[in-house]
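So this first bit is one chain, no partners, the form predicted on its own, shown in structure tokens.
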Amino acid sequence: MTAENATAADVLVIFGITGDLARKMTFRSLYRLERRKLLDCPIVGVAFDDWSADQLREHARAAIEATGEPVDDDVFARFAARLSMVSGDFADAATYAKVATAIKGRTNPVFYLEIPPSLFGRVVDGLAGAGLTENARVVVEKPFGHDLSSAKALNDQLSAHLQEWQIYRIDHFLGKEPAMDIRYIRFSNSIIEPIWNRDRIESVQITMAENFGVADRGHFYDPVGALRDVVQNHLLQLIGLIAAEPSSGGPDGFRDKRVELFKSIRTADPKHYVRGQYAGYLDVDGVAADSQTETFVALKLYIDNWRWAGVPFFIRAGKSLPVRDTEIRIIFKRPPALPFLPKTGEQNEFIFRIDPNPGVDFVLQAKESGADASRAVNLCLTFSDEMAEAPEPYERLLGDAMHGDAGQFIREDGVEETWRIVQPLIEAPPPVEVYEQGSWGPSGANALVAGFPNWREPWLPTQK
């Protein structure tokens, strides 16, 4: 079997089903699939907790309700009937024997590992020892290592028993409907392709701003930091979507093009990298008293290919910033000065807003009423105003994994390339600069874009 002819799963087995991710995301996503009648196999939970199936079902309902998802009794009854439970230690071969008994007669299992990456190898070893991996697909969560060498080591563990087509690496950004819209907007509109290159584009800005801090996640966040948490994965994947060439289709078509694009991205230079830490971070429970972990990063990247040569891609991401916003902003070159245009105004921009309230905005210049000057006008579309309710990221990705569609998942060569890009920033990071909560980070971030358009204020849902 290969990725091209993978068949639909006949059972979903979730390791770590009593954990935090399942409580916040998985149960809700599976319930929504059930509601849309897209779930058609049993679900077996596996965890150390000694729970009965009834306890699991009660927990599932409480978790779904806690997310704010309205629960229909008939839909939940169908969903609950799919759930069963296996309890045991992941280090004990007897646990995998019980899993084998629970899924006996099933030939196309999907194993979803909602567990720390340090346990991936142990669980895959256990599944292989029980003879359960031959036709299986295994879904794993990030982080896929903490640097290039650890990413390769993790893949060695997985590939000891699995072929690459069997491994589905989740980055939930790739399951976001507005992220998938990027490819369609780029390649379904013939007016865009002729301007999507170095001849017309001056720079690209990608912002992922969060208006909250680390809160109670200090123990998790402090060993990780912003670069590893959101740049190496989420934001580089967005560059893959915005900058890759069109594909020939098929499950690996666009993944091939994303990897080709990543290989063209110049290894990041620590001289073009700014790190910040918001004031008060050191007081967060679980954060080391002398922590140098960054809660803000800004960096400049270049893509050395024909389409993008010379166009800088600026990334900034951080916590405790003024707003919550994730967007990609394409900034076009200025038009030439002409006699009938005494003032040329600002540059054209094309904005993809990923979150919140996804949409697109095309900033054009028009005549200022009563004056010989131009002003910016926004041709904006909020997707929810025009389109039906979109699947949530985990809803989409879990559904794809169960149906053998790997297109929105990450291959190992893509993982290694994105770590290669940021590796120098890990090895030789500049010192962190403290910034005030509610600001746009340290002043060095502004110096990073010198010679190019300044950082733009985000296009937010309330702006017209």
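Being a predicted model, the structure only gives us computed values, none of them experimental. Numbers for residues come from their place in the sequence shown, where the first is 1.
Not on display, but discussed next: the form predicted together with 6-O-phosphono-beta-D-glucopyranose (BG6).
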### Task
Would you kindly say which of Tyr96, Phe352, Phe262, Phe173 lies with a heavy atom within 4.5 Å of 6-O-phosphono-beta-D-glucopyranose (BG6) in the predicted complex?
Phe173
### Summary
Contact with 6-O-phosphono-beta-D-glucopyranose (BG6) in the predicted complex, heavy atom within 4.5 Å, among Glu114, Asp181, Glu327, Asp229 goes to Asp229
### Query
For the chain seen here without its partner, which of 115 to 123, 192 to 200, 299 to 307, 229 to 237 has a heavy atom within 4.5 Å of 6-O-phosphono-beta-D-glucopyranose (BG6) in the predicted complex?
229 to 237
### Message
With the partner left out here, check for me: in the predicted complex, does some heavy atom of Glu210 sit within 4.5 Å of 6-O-phosphono-beta-D-glucopyranose (BG6)?
### Response
yes
### Query
Just to confirm, Arg255 within 4.5 Å of 6-O-phosphono-beta-D-glucopyranose (BG6) in the predicted complex by heavy atoms?
no
### Query
Is Arg78 close to 6-O-phosphono-beta-D-glucopyranose (BG6) in the predicted complex, meaning a heavy atom pair under 4.5 Å apart or at it?
no
### Message
Using a 4.5 angstroms cut-off on non-hydrogen atoms, would Arg186 count as touching 6-O-phosphono-beta-D-glucopyranose (BG6) in the predicted complex?
### Response
no
### Query
Looking in the predicted complex, is 6-O-phosphono-beta-D-glucopyranose (BG6) within 4.5 angstroms of a heavy atom from every one of Arg28, Arg137 and Arg396?
no
### Query
Mind listing which residues of 302 to 319 have a heavy atom within 4.5 Å of 6-O-phosphono-beta-D-glucopyranose (BG6) in the predicted complex?
Lys319
